[in-house]
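First, one chain by itself in structure tokens, the form predicted on its own.
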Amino acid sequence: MNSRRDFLQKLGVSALALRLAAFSGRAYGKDRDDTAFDGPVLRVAIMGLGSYGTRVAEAMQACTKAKLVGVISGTPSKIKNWQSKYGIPEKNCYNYENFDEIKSNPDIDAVYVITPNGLHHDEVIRVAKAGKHVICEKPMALNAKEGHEMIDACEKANVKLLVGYRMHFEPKTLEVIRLRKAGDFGKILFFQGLCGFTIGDPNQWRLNKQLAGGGSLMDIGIYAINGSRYMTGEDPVWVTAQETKTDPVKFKEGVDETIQFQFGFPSGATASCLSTYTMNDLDRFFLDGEKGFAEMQPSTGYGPIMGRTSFGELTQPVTVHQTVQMDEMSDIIFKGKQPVVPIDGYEALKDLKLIDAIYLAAKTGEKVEVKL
């Protein structure tokens, strides 16, 4: 299947470079093991053993502060394979019918929900009720209403709700944010985010309105939505949007093929973004200020992020995003660490409000005021 994740992997790096990056990530993890980390280790069960769940599991082998200890899946054969590969005990294996029983399992601290978007709401609430911390893939839910309910459930259960915003820990991304905060770019004027690929199998869940919640915007477009905010350092106050559909058979009612959307920010800066399932080689961020610019391409792929600014190339180290993310999440949960850019439920809720506004603007053709 030609999925978004397959595309990002292909766009970001060649097969050889990906292996080298993965190797360097594992080696880095091993080096960190030698420092004899003696703090608390976040014990994680992954829910959803598909392609991205597998990527997270592989990356976690290099973690020093997080460990894969459990699985939740509706496919018994996958559970058996993961048990064998990752040494997961039978008592830490669940299916979608019985995973509420995780409540009585003291060996699991958190559950990482990596399932189709339309399932996040109910699954996150069930995990919270079981008393476990929750990590949820993005977008966190189908809309802001669901997002509010998920946040409320986690707060009521006194558990953390974190979202898989891996780019919030990526070194080159963080360097651009540092430069912007330091004023090196001057007053920010404009952001552009281009995210897209040509999607394959028309029967996959990403083209199913009930499971995906939409189309390209709910998949690849979330990167431009979130990126516009951390790159500019502001939250939008208005949204306009236009939808284009060339194949109504493949992209049925409620499943967007291509959406262009624009944001306006309190400072007067604007953003112009595109999310599409019918154009390849789109993974680019551009930030423009009065004193300089930053350009990243690839900007969100799994392989090495590449970028430059008006001051020169970005040379920060290549990391395995999910390895760094999981170790950072351990510190957030156990030590209350505050990341440079938040990854909590409220951060994700802002993106959901913007998704709601984009769809409304595309439907009505009108400017939609937003308050995040």
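Numbering starts at 1 and runs along the sequence shown. Since the structure is predicted, the reported quantities are computational estimates derived from the model, not experimental observations.
As for the form predicted together with nicotinamide-adenine-dinucleotide, it is not shown, yet the points below apply to it.
S.K.: Tell me whether 51, 114 and 138, taken together, all sit within 4.5 Å of nicotinamide-adenine-dinucleotide in the model of the complex, counting heavy atoms only.
M.R.: The answer is yes: all three residues contact the partner (heavy atom, 4.5 Å cut-off).
S.K.: Decide whether residue 286 counts as a contact residue for nicotinamide-adenine-dinucleotide in the model of the complex under a heavy atom distance cut-off of 4.5 Å.
M.R.: The answer is no: residue 286 has no heavy atom within 4.5 Å of nicotinamide-adenine-dinucleotide.
S.K.: Any chance residue 190 has a heavy atom within 4.5 Å of nicotinamide-adenine-dinucleotide in the model of the complex?
M.R.: Contact with nicotinamide-adenine-dinucleotide, no.
S.K.: Heavy atom to heavy atom, is residue 302 within 4.5 Å of nicotinamide-adenine-dinucleotide in the model of the complex?
M.R.: Yes, residue 302 sits close enough to nicotinamide-adenine-dinucleotide in the model of the complex that at least one of its heavy atoms falls within 4.5 Å.
S.K.: Could you tell me if residue 293 has a non-hydrogen atom within 4.5 Å of nicotinamide-adenine-dinucleotide in the model of the complex?
M.R.: Residue 293: no, not in contact with nicotinamide-adenine-dinucleotide in the model of the complex.
S.K.: Counting only non-hydrogen atoms, which stretch in 148 to 156, 250 to 258, 173 to 181, 115 to 123 is within 4.5 Å of nicotinamide-adenine-dinucleotide in the model of the complex?
M.R.: Of the options given, it is 115 to 123.
S.K.: Could you check which residue among 168, 206, 133, 229 gets a heavy atom within 4.5 Å of nicotinamide-adenine-dinucleotide in the model of the complex?
M.R.: None of the other options qualify; the answer is 206.
S.K.: Tell me, out of 85, 245, 129, 78, which residue has a non-hydrogen atom within 4.5 angstroms of nicotinamide-adenine-dinucleotide in the model of the complex.
M.R.: Checking each option against nicotinamide-adenine-dinucleotide in the model of the complex, the one that comes within 4.5 Å is 78.
S.K.: At 4.5 Å, heavy atom to heavy atom, what parts of 206 to 230 sit next to nicotinamide-adenine-dinucleotide in the model of the complex? List them in sequence order, or say none.
M.R.: The stretch touches the partner through 206, 211, 219, 223.
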